[in-house]
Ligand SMILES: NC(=O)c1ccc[n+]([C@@H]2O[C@H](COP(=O)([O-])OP(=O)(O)OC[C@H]3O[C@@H](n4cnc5c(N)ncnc54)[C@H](OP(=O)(O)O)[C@@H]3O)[C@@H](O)[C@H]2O)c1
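Before any questions on binding or motion, here is one chain by itself as structure tokens, the form predicted on its own.
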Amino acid sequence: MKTIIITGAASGVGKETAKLLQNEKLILIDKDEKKLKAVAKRYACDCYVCDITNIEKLILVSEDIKKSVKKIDVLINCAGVWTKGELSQQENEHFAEINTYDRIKQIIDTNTFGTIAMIKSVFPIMKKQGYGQIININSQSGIVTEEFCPVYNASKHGSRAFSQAVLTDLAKHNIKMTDVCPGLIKTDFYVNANDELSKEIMDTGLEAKDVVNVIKYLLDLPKDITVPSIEIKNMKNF
């Protein structure tokens, strides 16, 4: 049985990943206490209510996890926050609301810092045990730059650059890492960000289970095979 940490586990891809891997020893992390505890109860697994942008809380949770388990086989980084809007649209009430300085900082802290911090926290254990696997749910926005979501692009490019920069270092310690870069996914990601998309746009998206199937593929690969990066999109989303 593998010990697997999943961030952003209360909803979306994280929740669907927990469903798929419910027979493993799961440790779920999310800041939404009510939803997180519901998922953890359903799959009878451990959970930690934690905003991964909060350094003090993240350190406490990381230390607690290290004390409670003998190994960490896999880290799956699903936590993420969305926003959009060009600089020239800031006079628009909606775009101004979802692009405040606080919101911009939240995007960078969650998508970039949070991913880096979680990798940093599990590395010592994986290094000591001599193996590990890290899967980051990145985005097509980490591959290309898009005029309509520059802040989100910056956050996802940042975490992807970090991942690419540490791949060789991790490989020296037998730790695999993959950036999964999906296009639009039909989850509550955008509603949670107060930016609900039209049905016409959402219909071009992937199902959460499509992304989870990629995660399953990566977990099932032979121990000596890794995929540094993989992109996935609905055929309609071009």
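One-based numbering along the sequence shown. Only a predicted model underlies this, so the values are computations on that prediction, with no experimental measurement involved.
Here the subject shifts to the form predicted together with this ligand, a form of this protein not shown in this document.
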Picking from 164 to 172, 151 to 159, 85 to 93, 121 to 129, which part of the chain touches this ligand in the predicted complex when contact means heavy atoms within 4.5 Å?
151 to 159
Is there a non-hydrogen atom of residue 226 within 4.5 angstroms of a non-hydrogen atom of this ligand in the predicted complex?
no
If we define contact as a non-hydrogen atom of the residue within 4.5 angstroms of the partner, is residue 10 a contact of this ligand in the predicted complex?
yes
Counting only non-hydrogen atoms and a 4.5 angstroms cut-off, does residue 47 reach this ligand in the predicted complex?
no
Residue 188, heavy atom within 4.5 angstroms of this ligand in the predicted complex:
yes
Check each residue of 46 to 82 against this ligand in the predicted complex and list those with a heavy atom within 4.5 Å, in sequence order.
50, 51, 52, 53, 78, 79, 80, 81
